[in-house]
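So this first bit is one chain, no partners, the form predicted alone, shown in structure tokens.
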Amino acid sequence: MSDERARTWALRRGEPGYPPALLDLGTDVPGRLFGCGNRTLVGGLELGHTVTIVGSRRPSSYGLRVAEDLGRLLAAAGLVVVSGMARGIDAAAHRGALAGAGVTLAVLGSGADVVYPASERRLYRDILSSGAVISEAPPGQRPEPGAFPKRNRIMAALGAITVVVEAAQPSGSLITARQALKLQREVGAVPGPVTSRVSEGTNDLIADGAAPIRGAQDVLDRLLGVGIEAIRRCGPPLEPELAGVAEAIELGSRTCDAVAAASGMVADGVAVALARLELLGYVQSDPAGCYSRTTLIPPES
């Protein structure tokens, strides 16, 4: 038995508090929803203020960064962020929403009181601190075959727009996108490198007519109207030398030597600049020693 079992509640179709957006599923409407956490949140979901973010369980560092930033900025703007708490993009979107002091809702393939994957127990508890976890599976149930594609229709129905951050071909995230389209919801996709396997699905979605999502502002423009601004995250001022190194990374120089060649600086100086930029939050490095820009922007001068 889960340690969350005592806090589980249930909503039947037709009862007050049952999310009206799920009624669009027609004959496939869940008869009951089980949940943990903020029941009032679930009952008060408004379709126009809810965004579903999904993507690969094996994302790139770029995908993780984009998903977290989308979750953070959209939650800070007042939207409810829905995802599936899976490793990778889903978990990053939830964490971003929490970092933005916003509200996030997880839809599980297991019972709502069963933490799956188990490695995300801390995230699960953080979500419950202000948001909720729901499932149509009864309390205590482990994921069964087909549970995740089945739960994807719930995520698709709850979001006014489903944003796919990264997805290979085939992918469960693309199933969610197709279900959203059937429900006449909007679908957006984050463009990625044409050489990246985990961007094949998102680039195909865009080619087929999905909205290109370059950042939170594109989502806000579609849901709330042009002019509703996302909260942009500004960092501390950068001296010219640091700004030049940050620009070199943004333009594709990913290693210390590559930045030195692009900037004309000596390698030792570049190494110091990269360390400072990482501490300031402007760049991040991966285990291979390659650097990439974060979405932190310098303040306007």
Partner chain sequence: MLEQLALLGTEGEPLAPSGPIWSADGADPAAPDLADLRGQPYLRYALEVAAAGGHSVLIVGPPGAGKSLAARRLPSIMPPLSRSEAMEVLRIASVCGRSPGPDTPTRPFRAPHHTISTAGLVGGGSPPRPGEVTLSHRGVLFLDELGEFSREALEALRQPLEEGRVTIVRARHAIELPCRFMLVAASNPCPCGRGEESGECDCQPASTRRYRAKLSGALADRIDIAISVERPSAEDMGAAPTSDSASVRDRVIAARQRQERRLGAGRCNADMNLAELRSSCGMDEKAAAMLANGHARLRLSGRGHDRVLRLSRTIADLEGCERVSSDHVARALTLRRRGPD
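Rigid core: the largest C-alpha set superposing within 1.5 Å between the two forms. Residue numbers count along the first chain shown, from 1. Everything quoted here is computed from the prediction, not taken from an experiment.
Another form, the form predicted together with its partner chain, is not on view; read the next lines as being about it.
- By the 4.5 Å heavy atom rule, the three marked residues 260, 278 and 290 all count as contacting its partner chain in the predicted complex.
- Checked against its partner chain in the predicted complex, the candidates 45, 238, 29, 272 yield a single residue with a heavy atom inside 4.5 Å, and that residue is 272.
- Comment: its partner chain is not present in this chain, but in the predicted complex one of 256, 33, 249, 36 has a heavy atom within 4.5 Å of it, namely 256.
- Using a 4.5 angstroms threshold between heavy atoms, residue 286 counts as touching its partner chain in the predicted complex.
- In the predicted complex, residue 72 approaches its partner chain with a heavy atom inside 4.5 Å.
- Its partner chain in the predicted complex is not approached by residue 234, whose heavy atoms all lie more than 4.5 angstroms from it.
- For the chain shown alone, residue 160 is not a contact residue for its partner chain in the predicted complex, no non-hydrogen atom being within 4.5 angstroms.
- Listed stretches are 129-137, 210-218, 107-115, 148-156; the contact stretch with its partner chain in the predicted complex is 129-137, by a heavy atom cutoff of 4.5 Å.
- Along 88-124, one residue reaches a heavy atom to within 4.5 Å of its partner chain in the predicted complex: 99.
- Relative to the superposed core, residue 46 undergoes a C-alpha shift smaller than 2 Å between the shown form and the other one.
- Superposition on the rigid core between the shown form and the other one places the CA atom of residue 279 2 Å or more away from its counterpart.
- The two forms, fitted on the rigid core, differ between the shown form and the other one by 2 Å or more at the CA of residue 254.
- Relative to this form, the distance between the C-alpha atoms of residue 291 and residue 72 is reduced by at least 3 angstroms in the predicted complex.
- In summary, the C-alpha positions of residue 104 and residue 285 converge in the predicted complex, ending up at least 3 angstroms nearer each other than in this conformation.
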